[in-house]
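Okay, so here's just one chain, in structure tokens, the form predicted on its own.
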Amino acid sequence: MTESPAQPQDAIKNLYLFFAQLFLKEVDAPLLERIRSGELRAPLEEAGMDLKFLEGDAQAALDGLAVEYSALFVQPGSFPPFQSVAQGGRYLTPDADQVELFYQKYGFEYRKEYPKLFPDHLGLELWFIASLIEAEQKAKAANRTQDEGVYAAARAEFLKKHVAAWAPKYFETAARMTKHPFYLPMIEFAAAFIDSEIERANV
């Protein structure tokens, strides 16, 4: 069967959403099931991940993942995934304001789900890019060529001004902070994906 032109965009969008979820919150039971035996297992194993440690008792796996998530991203001494912290050493630098302006311009609403989260969280930035891809797809389906170009340009601009400016180095640091059999290869996978996206956008 001939592959639809929409399929590669769908795959890219879904990867952004997947990585966004991983950084935004602990792995929950539905995501664990998708990783263990659902549609995510094959592509993750193809990327080099050994998922055997997730087999067995689901709650034990979730507890172990929660402990490592907190150690990496939340508790004192961790490396919170915020652009302001990574670049300026503190929360809510002007970069966060610029990110929020992007969100407002393109109608990205995250506060209903994450009301207390600062806008320059890595997960939110990746989720925002996924929303731009979705808007671009909808514009293309409706033959709104000009709008399609607007969303594609916004995606490249956001990658250049924000994600490319801090995420690659953040991934390097986060990878050094963990030896966990899930989070280490996952961070490396995310880093390779974002590097390819930056290269694709010529930024």
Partner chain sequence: MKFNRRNFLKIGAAAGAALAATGKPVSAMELSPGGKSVNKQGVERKKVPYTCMTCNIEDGGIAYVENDRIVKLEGNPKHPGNRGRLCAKGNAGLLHVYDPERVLYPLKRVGKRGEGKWKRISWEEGLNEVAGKIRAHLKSGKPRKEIAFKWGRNRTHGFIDRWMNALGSPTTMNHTSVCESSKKMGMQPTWGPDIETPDFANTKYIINFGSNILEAAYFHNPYAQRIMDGVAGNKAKMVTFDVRLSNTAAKSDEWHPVFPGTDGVVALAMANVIMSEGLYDAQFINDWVNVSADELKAHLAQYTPEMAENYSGVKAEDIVRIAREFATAKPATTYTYRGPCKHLYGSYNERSAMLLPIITGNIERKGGYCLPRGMGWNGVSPSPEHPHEHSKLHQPDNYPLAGHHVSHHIAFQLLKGEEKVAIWMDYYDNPAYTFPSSHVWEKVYQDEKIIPYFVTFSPIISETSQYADIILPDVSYLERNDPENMPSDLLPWISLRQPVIKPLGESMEFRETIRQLALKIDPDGSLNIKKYFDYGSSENYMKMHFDGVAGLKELGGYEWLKKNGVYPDYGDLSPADYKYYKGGKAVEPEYGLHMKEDANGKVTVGGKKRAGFGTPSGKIEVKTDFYGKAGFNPMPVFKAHPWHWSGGKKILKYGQMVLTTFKWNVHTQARTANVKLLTEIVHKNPAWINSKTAAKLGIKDNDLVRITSGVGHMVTRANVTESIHPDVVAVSTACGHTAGGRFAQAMNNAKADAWARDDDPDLKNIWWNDKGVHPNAIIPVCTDPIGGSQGWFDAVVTVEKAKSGDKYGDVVASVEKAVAFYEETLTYNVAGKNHKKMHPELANAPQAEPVKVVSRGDYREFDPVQLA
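In this text, all values refer to a predicted model and were calculated from it rather than measured experimentally. Numbering follows the first chain given and starts at 1.
There is also a form predicted in complex with the partner chain; it is not shown, and the following applies to it.
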Should residue 161 be classed as touching the partner chain in the model of the complex when contacts are defined as heavy atoms within 4.5 Å?
no
Heavy atoms within 4.5 Å of the partner chain in the model of the complex: does residue 43 have any?
yes
Is residue 37 part of the interface with the partner chain in the model of the complex - any heavy atom within 4.5 Å?
no
Does any heavy atom of residue 33 come within 4.5 Å of a heavy atom of the partner chain in the model of the complex?
no
If you check 153, 141, 165, 66 against the partner chain in the model of the complex, which one has a heavy atom within 4.5 Å?
66
Stretch 12-32: residues contacting the partner chain in the model of the complex, 4.5 Å heavy atom cut-off
12, 14, 15, 17, 18, 21, 24, 25, 26, 28, 30, 31
